[in-house]
Each structure stands twice: as C-alpha cells, then as structure tokens.
Ligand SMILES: NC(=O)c1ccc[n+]([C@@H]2O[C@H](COP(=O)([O-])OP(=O)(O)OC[C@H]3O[C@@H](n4cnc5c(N)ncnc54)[C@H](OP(=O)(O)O)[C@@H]3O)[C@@H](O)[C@H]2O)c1
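The data below hold one chain only, encoded as structure tokens and taken in the form predicted on its own.
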Amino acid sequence: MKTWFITGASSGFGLILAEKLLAQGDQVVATARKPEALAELSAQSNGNLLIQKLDVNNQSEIDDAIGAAIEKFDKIDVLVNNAGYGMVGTIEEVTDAEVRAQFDTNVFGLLNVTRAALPHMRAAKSGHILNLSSIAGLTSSATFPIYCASKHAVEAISEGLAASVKPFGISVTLIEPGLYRTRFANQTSIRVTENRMSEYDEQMNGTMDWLKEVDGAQPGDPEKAVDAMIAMVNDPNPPLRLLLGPDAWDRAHAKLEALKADFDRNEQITKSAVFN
C-alpha cells in the first residue's frame, strides 16, 4: 500500500488518478484549492483518503497539507505535482503580471510542494515524484509561449532534481502528455491574456477556434494515461521522461530532428569557436 499526495486533484488527471488509487486500495491525499469539489471522492474511500485545501501558491497551506498527510498516514511514497493551468497569448501581448502568475503556479508552486515533501522521502530513503509537464515542455508555439516556458522550466527542474535525490532512493519522472480528453482545452484550465492586440488577431483567433474544436475531441484517453503513470511508479527502474500520446511522440521526434539539423548545419562554426 502506497501513500500518494496529489495536487490539483479536483479534475482531469488528478481526479482520475485519485479514483483509481482508492479503488486499488492505496492511500491518497487529494488536494485542491476548493476541497468541496472532492466531496464525491469520499464515497470511494475506506479510511484511506485525506482531502486537504491546498493552493500551491500558499506556503502555509502546503505545510499544513504535508503535515496532515504525515500525521494521518505517516509517510508520502509518491508526490504528484499536477496542479497547473495554461496561458494563451503571444509574447508581446502577455503582461508581466500574467507571466509571473503562470510561473507562480506551474513552477514555483511545484517547487514549494516538492521542497516540503522531500525531507520525509529522504528520511524514508525512498519515494517517487511525478511532475506533470507536457509535450509543451519540449516544444513551443506562437500563442502558448509562456505556458510552454513554464513547462520547459519544469523539465529542467526535474532533471536536476532527479540527479540530486537519486542517492536517497528517490525517483523522478516527467509526464509529458499530448492532447488528452480532460478539461485543459476549456476555460477551466486555460486563461487568455487580457492585453489582446489587433496585430495578433489572426494567430489568437485561430488558437481560440482550435481550442473550441479540440475540446472534448482530444485523441488521448485520460484513463489510459493515468494507468501509465501508475505503471511508472511500479517500475523498478522508472524513466526520467514518459511521453503520452502519439501526438506527443510525433512532436517530440520532430523537435529532435530540428535540433539535430541545426546542430549539424553549424558543426564547423561550433567547433571552431575556440582559441587556436
């Protein structure tokens, strides 16, 4: 029996994961900014569920939730950093406040929760951290650059984290989904810059139309994605990265090819920029 601590458990991957874990008899600390949204989970529990209010931007709520988890279950085996949202807007449009808010949740919130959980994992000399990134953590686009930048940061943080905690028996896995049939494409998990500029209307309107078209029609099955996450935790030698979905596979490999093409094109210049 493992104890899982999940942020952003009120919807999407977080909620499905909590439901599956309770069904298989694991212990779950399900957290959300609005814990009342998790009331239906209680019916599935048999004393193995703890619901906690947690805004990842609130250090005191983080500390309280981690403390309550340890008090009730005496351990945290798996931390799932799932809370987050997406910001839509080109670089010139998105305001400084919007950028900071995006990073506060997707990056600094993840860091704060991780730092609070790590002492307990280190003491136990075991643990697994699943950081919800995205294929956007490997690629970027014209109207999602700030969201993509936040997920790029999660990628770098996770690489460094994995190296630093490996001696303590703690694993880290980046989950990199493509398009999945969760609420991500609707206004629940997407925020649009308030600083719209007419110069970018064609790009932004195209993105908004695409979001409407794809919402509810994403090819990815979130149930299967969550099964894959659970399998990673049960893997004795888990990978640092797990791509989820054929669209994520295609975009990741297109990025690999683009990187290699740029590197190879400038190989002579790259190697010549040294003292003779």
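The structure presented is a predicted model; accordingly, all values stated were derived computationally and were not measured. Residue numbers here begin at 1 and follow the sequence given.
The same protein also has a form predicted together with the ligand, omitted here; what follows describes it.
Practice task
Mind telling me which stretch in 22 to 30, 232 to 240, 64 to 72, 51 to 59 gets its heavy atoms within 4.5 Å of the ligand in the model of the complex?
Solution key: Selected stretch: 51 to 59.
Practice task
Indicate whether the ligand has at least one heavy atom within 4.5 Å of a heavy atom of Phe144 in the model of the complex.
Solution key: Outside the cut-off, so no.
Exercise for the section: Give a yes or no for Pro177: in the model of the complex, does one of its heavy atoms lie within 4.5 Å of a heavy atom belonging to the ligand? Expected result: Yes, Pro177 is a contact residue.
Practice task
Would you check, heavy atoms only and a 4.5 Å threshold, whether Gly89 touches the ligand in the model of the complex?
Solution key: Although the ligand is absent here, Gly89 would stay clear of it in the model of the complex, with no heavy atoms inside 4.5 Å.
Handout entry: Thr193: touches the ligand in the model of the complex, heavy atom cutoff 4.5 angstroms
Key = Although the ligand is absent here, Thr193 would stay clear of it in the model of the complex, with no heavy atoms inside 4.5 Å.
Exercise for the section: Would you give me the residues of 134 to 163 that have any heavy atom within 4.5 Å of the ligand in the model of the complex, in order from first to last? Expected result: Residues within 4.5 Å: Ser134, Tyr147, Lys151.
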